[in-house]
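The data below hold one chain only, encoded as structure tokens and taken in the form predicted on its own.
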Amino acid sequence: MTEVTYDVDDDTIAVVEDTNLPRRLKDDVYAELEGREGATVEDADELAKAVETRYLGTRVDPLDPVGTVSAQSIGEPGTQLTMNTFHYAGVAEIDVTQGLPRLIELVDARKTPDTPMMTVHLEDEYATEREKAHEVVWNIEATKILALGDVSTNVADMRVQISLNRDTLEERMITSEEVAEIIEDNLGVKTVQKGTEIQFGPEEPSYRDLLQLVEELRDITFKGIEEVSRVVIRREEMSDDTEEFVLYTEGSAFGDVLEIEGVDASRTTCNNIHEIHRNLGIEAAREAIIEETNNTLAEQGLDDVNVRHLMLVADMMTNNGEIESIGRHGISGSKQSVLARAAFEVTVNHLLNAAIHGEIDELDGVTENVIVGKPIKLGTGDVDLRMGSTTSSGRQAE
């Protein structure tokens, strides 16, 4: 036990020196001591010793095979995961990939998830007033022409006719003039706008060009973010017993959403770890990997996996500043050992390339030593024993 001294002043006990505990754990000890009325030096000493004993007992022993244990810890419960898609956080309207497919997405570091989504938290009056929250919804959700009104074609006059819904325009805070201007900018046509009616057509009479204009019109995003097809708004209870509006989106454009007025950038998140990396950095991406894998396991009732094993996986994927997958195109394929790479996938290619380039395997890891039949350098396998013999002079010789 490291020597710990205490200052007792006005019934306040402070740990002055304790080099064995990390900073965050020390802060927890301080808070616990300050919260106890009438705490004595003996109480503080007993608490500090108990915390340090528990902390030292949870640390990994030297030469422990942490990678193998983590792989087993995550892989074994992974066999219990289903292939189903579950509703996200009780939001019945939005389906997101869960279970084994989601876990594979994460460790493969896929550029785009199968079902990208965001959880958008709001700030100030946007979080408490429904009208204000809807302002943010319309700034995020992609508004297409069919949401604003009806589209028809007049083949006789070779014109596309749009009849806009006045209530919808008012609700989504967009005018007929803005709609006409956006159509002109995107399609390169001249529009005729009268009230909520808009008409335009091809320069030369052509049935094919007319249909082409209609198809292109349907693809235009008049308001919101093109990648976000739908937003669901829910009123939820927060940890401090207050209620707020929270937005769930189908589709993801994390960087664009953070810039929208009313969005709380400190709490908003998405399930695309690459978008988080691009906008918030590698540390945030590491936290996202830990959070997503933990939530995926917890969703299946497998939340007893030690978070430190998930942290090790996240560390391996992010420790060089980029997100690497755990596979032959990432961590496993970039190992120093030729035999370790060959044992994972595409064996012949790895051995052939190693032979061409004259690579040498130092046999330092677990996999390669198992292959060649040598003791692995973990635990007692890393200890060399020597037997001494006694010479005629009585001295021991090695």
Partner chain sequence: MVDVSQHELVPEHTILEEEVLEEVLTEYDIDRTDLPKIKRTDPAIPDDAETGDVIKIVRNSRTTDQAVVYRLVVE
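Positions refer to the first chain, counted from 1. All values derive from a computational prediction rather than experimental measurement.
Keep in mind that the form predicted together with its partner chain is missing from the display, and what follows is about it.
- Looking at its partner chain in the model of the complex, residues Q72, E76 and V346 place no heavy atom within 4.5 Å of it.
- Stretch 272-280 is the answer when you ask which of 219-227, 198-206, 272-280, 160-168 has residues with heavy atoms within 4.5 Å of its partner chain in the model of the complex.
- The partner is absent here, but in the model of the complex a heavy atom of E322, alone among E123, E299, E322, E236, sits within 4.5 Å of its partner chain.
- Checked against its partner chain in the model of the complex, the residues E215, D315, E131, D114 give one hit for a heavy atom within 4.5 Å, which is D315.
- Shown alone here, Q193 lies farther than 4.5 Å from its partner chain in the model of the complex, counting heavy atoms only.
- Although the partner is absent from this view, S152 stays clear of its partner chain in the model of the complex, with no non-hydrogen atom inside 4.5 angstroms.
- Using a 4.5 Å cutoff between non-hydrogen atoms, S266 counts as a contact of its partner chain in the model of the complex.
- Contact annotation for R328: none of its heavy atoms lies within 4.5 Å of its partner chain in the model of the complex.
- The partner is not shown here, and in the model of the complex the stretch 208-237 never reaches within 4.5 angstroms of its partner chain through any heavy atom.
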